[in-house]
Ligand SMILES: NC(=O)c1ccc[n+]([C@@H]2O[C@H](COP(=O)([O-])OP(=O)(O)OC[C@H]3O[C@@H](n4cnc5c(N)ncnc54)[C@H](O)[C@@H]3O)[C@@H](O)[C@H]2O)c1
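Single chain ahead, written as C-alpha cells, the form predicted on its own.
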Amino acid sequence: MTRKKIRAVLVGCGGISGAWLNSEPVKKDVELVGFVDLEKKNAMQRAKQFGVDGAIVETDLARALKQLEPDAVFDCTTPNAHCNVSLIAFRHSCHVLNEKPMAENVTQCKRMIAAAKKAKRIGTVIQNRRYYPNIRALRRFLETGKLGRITTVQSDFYIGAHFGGFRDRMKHVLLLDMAIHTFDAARLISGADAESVYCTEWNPSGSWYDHDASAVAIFQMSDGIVYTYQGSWCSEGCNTSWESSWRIVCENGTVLWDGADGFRAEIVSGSTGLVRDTRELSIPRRVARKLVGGHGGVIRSFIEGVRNGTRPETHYEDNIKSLAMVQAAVQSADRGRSVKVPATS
C-alpha cells in the first residue's frame, strides 16, 4: 500500500535547498506544493529545476500557507530568519524542519519551542552529521561500556576554507557558522550536555578573514566530562576532515577517530608497569539504516515524526542545547572569561 506523501512548502530557495530536494526521502515521500523566496525568480528557478508543475510560487510565506494548508514547512532561509519562519508556520498548523542553526540565540529557540507546543506540531533541525554512519558506529561502541566511562573528549578542526563572500566578513565566523556541527557531535559522542565554557578566538597572520577565524574552547560537561574544541578556518595544509578528528578518553582505554573511516581503539590489558600494556579493539561499523543518510536521514526521521507523532532525534528541545554551546562560546570569547552555558528549559 502506497503511503500518502507529506505536502510541504519550501521557503528559502538558495543553494542549500538543493541538498534537501535531492534527498531520497523528499523524492519518495514529499509532495512540494509551494516555493517561497524573497526573490521570486529564485523560487521559480527551484520549482523549474526540480520539475514541480503546478506548485505555488510566492514571496510571502504566510500568504502561501494560508492558500495551500500544507503539512510541513522546509526552512532553508538564513539563520536570522529561522525564528520568524517557524512562528509563522506553527500559526498555520505546520510541522517545521529548519536548516541549522536552529536560530540566532537561545531566546529565539525558546520562542520556537513554545510555539511548537502550542500548535502541537513538530519542530526539527537539520543536524545532518549526526546521521553519518561512522559517528553512529562510534557512539554505539562507546555505549557498550567496554572502555568504561568517558572522561575526556577532544576534537580538532583545521581546514583552510576560502569561501569568499559573506563568511569572509563575519564576526565569530568559525563558531557561528561551523562549530554548531562539532559541538552537536560532541554531545552525541559523549552523551553529555555542556554546563560552562572558556573560549578564546584569534585571527592568525595571513588570514583572509576580517575577524577571528580560529578558536579554542574548553567545556565542562555533565557527568564530569571535559570537552576541548580546537579549530581554524584559515589553517593551510594537513587538513582534518570536515567532521574533525577526535580523541575520546575513557576509564580503561581510548578511541581515536579521524572523522572519516579511520578508527583506533585500545583497552588496558596489563596491570603493572609505569605505562600499562594495551590491546586493540575493533569497532563494528554496522548501524541501523534509519540512523544514517546525512540530510536524508534527518528528513526521513522528520517525515516519520509527521506521520506517526514521534519526535525526531534533532527536535527543538534537544537541539537548543547545541546552539547554547555556540552562544556561550561566543560570549566567553567576547568577555575573556568562563561563562555558564545558558539554561535551555
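As the structure is a computational prediction, the values presented were derived from the model and not from experiment. Numbering starts at 1 and runs along the sequence shown.
Although it is not shown, the form predicted in complex with the ligand is what the next lines describe.
Among heavy atoms of residue 247, none comes within 4.5 Å of the ligand in the predicted bound form. Using a 4.5 angstroms threshold between heavy atoms, residue 167 counts as touching the ligand in the predicted bound form. Among residues of the shown chain, residue 243 is not one whose heavy atoms approach the ligand to within 4.5 Å in the predicted bound form.
Remark: residue 144 does not count among the residues lining the ligand in the predicted bound form, judged by a heavy atom distance of 4.5 Å or less.
Distance criterion of 4.5 Å from any heavy atom to the ligand in the predicted bound form singles out 79 from the list 133, 79, 160, 253. Here is the short version: of 126, 186, 109, 213, the single residue with a heavy atom within 4.5 Å of the ligand in the predicted bound form is 126. Not one of 7, 32 and 301 comes within 4.5 Å of the ligand in the predicted bound form, counting any heavy atom. The stretch in contact with the ligand in the predicted bound form, judged by heavy atoms within 4.5 Å, is 71-79, chosen from 71-79, 186-194, 259-267, 145-153.
Residues are counted as partner-facing when one of their heavy atoms sits within 4.5 Å of the ligand in the predicted bound form; in 179-210 only 181 qualifies.
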